[in-house]
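What follows is a single chain, given as C-alpha cells, in the form predicted alone.
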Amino acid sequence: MKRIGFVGTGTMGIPMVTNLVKALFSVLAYDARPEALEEARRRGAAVAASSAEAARDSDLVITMLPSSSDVEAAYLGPDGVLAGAPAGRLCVDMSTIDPSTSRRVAERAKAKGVRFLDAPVSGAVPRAVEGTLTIMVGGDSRDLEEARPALAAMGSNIIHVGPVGSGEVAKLCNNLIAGVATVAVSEAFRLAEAFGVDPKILTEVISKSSGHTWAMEHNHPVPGLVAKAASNRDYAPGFMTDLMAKDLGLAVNAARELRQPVFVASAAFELYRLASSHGLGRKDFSSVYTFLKPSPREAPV
C-alpha cells in the first residue's frame, strides 16, 4: 500500500483525502489549521506534525493549497515539504497557482533531487466528492505514470499538458472561460428579466441556440432551473467567488507579463472582486448574478 503525504485538507482537500482512503491508500495528512487536520483524521487519515514530516514519512506527496504564497511556504519553509522529502521523492501540487511559482518551486525541488508535478483540478467540490475531477498535469510523463494510481482515485480525466507549469496554464485558461461565461449568462438573464421574459423559457431557447454554455447547463445562476446548481442552495460553493477572482487575477497577471492583451477577463476579474467586497466572497461564483441586480428607478443610471 503506497503511503500518501497530503498537505492541505481544506474544502477541496478533504474529499480528495477521503477518496484516497476509499481507494485503500494510507494517507498521512497535514494542515496548518487544527480543525481541518481533525477532519482529515475523521476521514481515516493519520496526521503529521508538519509538511516536512508528511513528506519524509510517505512515498508520494500531494499538496492542495489556496494560493501561490501558501504553496511556496508549504514547500520552501523551514518545516516545508523540501525540508523533509528525501532525494527521489515525487511531489504533486494540485493547487491552482501562478505558473511561474510552480516552475520556481520545481527548480528548488530539482536542486534537492526531488521530483515535481503541477496538477491543478477542475470540477470544484461536487466532482471532488465524486472522485471525477479533471486533472491537468505539467511535468515529466514518467513521473505522471508513477502518480497516476493516486490521481485516478481523485479524478476521472487525467491529461498530460506539457512541462512543469503547463497544468497551471491550462487551469487558468479554463477558469478564464468559466468565469467570463458565468458573468455573461448572469447579465443575459438579468436583461431578460428586466424585459419580463420568463427565465425558464429563455433557458430552453438558449439551450438550443449558439449561446448554450456549460455554466447555464450545469451551474445556472438563476435559482430553480437546474437541480444541482449552487443557486438552489443559496449559492453554497461549489467554487467560491473569492477563488474565481483569484484565478482570473492570476490569468490577467500572466497575460500582462507576456504582453498578451485580455479584455473580458479583466472586466470579469473586477466584477468578481466587487461581488466579493459586497459579501459574496464565500458564496459560489455564480452568485455574481445576485450582485447584478437592476438599479432602482430613481437611480441616476
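Since we're looking at a predicted model, the values are computed, not measured. Numbering starts at 1 and follows the sequence shown.
The same protein also exists as the form predicted together with a small molecule; that form is not shown, yet it is the one meant from here on.
- Within 4.5 Å of the small molecule in the model of the complex, a heavy atom is found for none of Arg190, Thr203 and Phe269.
- The shortest heavy atom separation between Val7 and the small molecule in the model of the complex is within 4.5 Å.
- When the small molecule is considered in the model of the complex, Leu117 lies well away from it, no heavy atom lying within 4.5 Å.
- Contact check for Val121: a heavy atom falls within 4.5 Å of the small molecule in the model of the complex.
- At a distance threshold of 4.5 angstroms between non-hydrogen atoms, Asp70 is in contact with the small molecule in the model of the complex.
- Only one of 104-112, 159-167, 226-234, 91-99 lies within 4.5 Å of the small molecule in the model of the complex by heavy atoms, and it is 91-99.
- Proximity to the small molecule in the model of the complex, defined as a heavy atom within 4.5 Å, holds among Ala251, Ala54, Leu65, Ala40 only for Leu65.
- Of the candidates Val47, Ala255, Ala36, Val264, Ala36 is the one whose heavy atoms come within 4.5 Å of the small molecule in the model of the complex; the others do not.
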